[in-house]
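Only one chain comes next, encoded as structure tokens, the form predicted alone.
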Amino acid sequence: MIEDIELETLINDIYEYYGFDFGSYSRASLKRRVNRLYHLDGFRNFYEFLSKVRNDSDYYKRLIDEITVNVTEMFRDPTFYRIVRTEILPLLATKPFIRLWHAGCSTGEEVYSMAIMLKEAGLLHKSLIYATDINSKVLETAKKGIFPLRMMKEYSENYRDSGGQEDFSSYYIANYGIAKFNDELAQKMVFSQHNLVSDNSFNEFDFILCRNVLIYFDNDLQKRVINLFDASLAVLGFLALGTKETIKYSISTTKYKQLEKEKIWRKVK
């Protein structure tokens, strides 16, 4: 097990050697993920591990990939998607063009979920989904739109629970244990690397989704990210966070109106 003081040394060295700042990440989550990697790769002591991170830039990349990967699934929390389908998309439909931002998109399952809903609402043709993550490895997976076929039964149930009426299997081609989602969906996606810790706003959006990412950050960083979203969100646009996340302590809530029962806010001024 890596001790707390060793974790601080690792954080400082990563910043000094590579300029990447893990200082604002939740320590408990960071420690758990670093320990997992430490044991997985069979290091005998902390200094052997630290030396590898310092001197081997490929190993540093592996460390970043392992630490920043987030768990995701298609139509995760179907009630959330049901509300998007019934309450948010009809309001966005009045716009001539719809820009969405999935921040911390991981391997892309939720991005494809959104594209499917936009298609069913007749809005995909006038939408563009920007999907970003800090982790280049997961973005490569997301771009391909290829997911394990064994997950499709669960995803199909999520889809139906979210109010989906179509045959879910019509959205992908099954082949050798994988499901490849239709190019028609991917054509409306732009994937790029973006660091919520240090990068700035890059467009104005009508809908920003960042679900279950902020839980890994401390309060100061959460505030920074919420303000980044605020600067990136059009008036009357929507912001969606994860079930344990809030904007309450980060920004003046008079600017936002929360939708009942879900972690979705509408920017009112």
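Only a predicted model underlies this, so the values are computations on that prediction, with no experimental measurement involved. From 1 onward, residues are counted along the sequence shown.
One more form of this protein, predicted in complex with a small molecule, exists but is not displayed; see below.
Undergrad: If you check Leu236, Val69, Leu50, Leu37 against the small molecule in the model of the complex, which one has a heavy atom within 4.5 Å?
TA: Selected option: Val69.
Undergrad: Which one of Leu196, Leu185, Leu92, Ile83 is close to the small molecule in the model of the complex, taking close to mean a heavy atom within 4.5 Å?
TA: Of Leu196, Leu185, Leu92, Ile83, the residue with a heavy atom within 4.5 Å of the small molecule in the model of the complex is Leu196.
Undergrad: Want to guess which of 172-180, 106-114, 159-167, 143-151 is within 4.5 Å of the small molecule in the model of the complex, heavy atoms only?
TA: In short, 106-114.
Undergrad: Examine Asn227 and determine whether its closest non-hydrogen atom to the small molecule in the model of the complex is within 4.5 angstroms.
TA: Asn227: no, not in contact with the small molecule in the model of the complex.
Undergrad: Is Ile134 a contact residue for the small molecule in the model of the complex, using a 4.5 Å heavy atom cut-off?
TA: So Ile134 counts as contacting the small molecule.
Undergrad: Would you classify Val213 as touching the small molecule in the model of the complex, given a 4.5 Å non-hydrogen atom cut-off?
TA: Although the small molecule is absent here, Val213 would touch it in the model of the complex, with heavy atoms inside 4.5 Å.
Undergrad: Look up in the model of the complex whether Tyr25 has a non-hydrogen atom within 4.5 angstroms of the small molecule, and give yes or no.
TA: Tyr25 belongs to the contact set for the small molecule.
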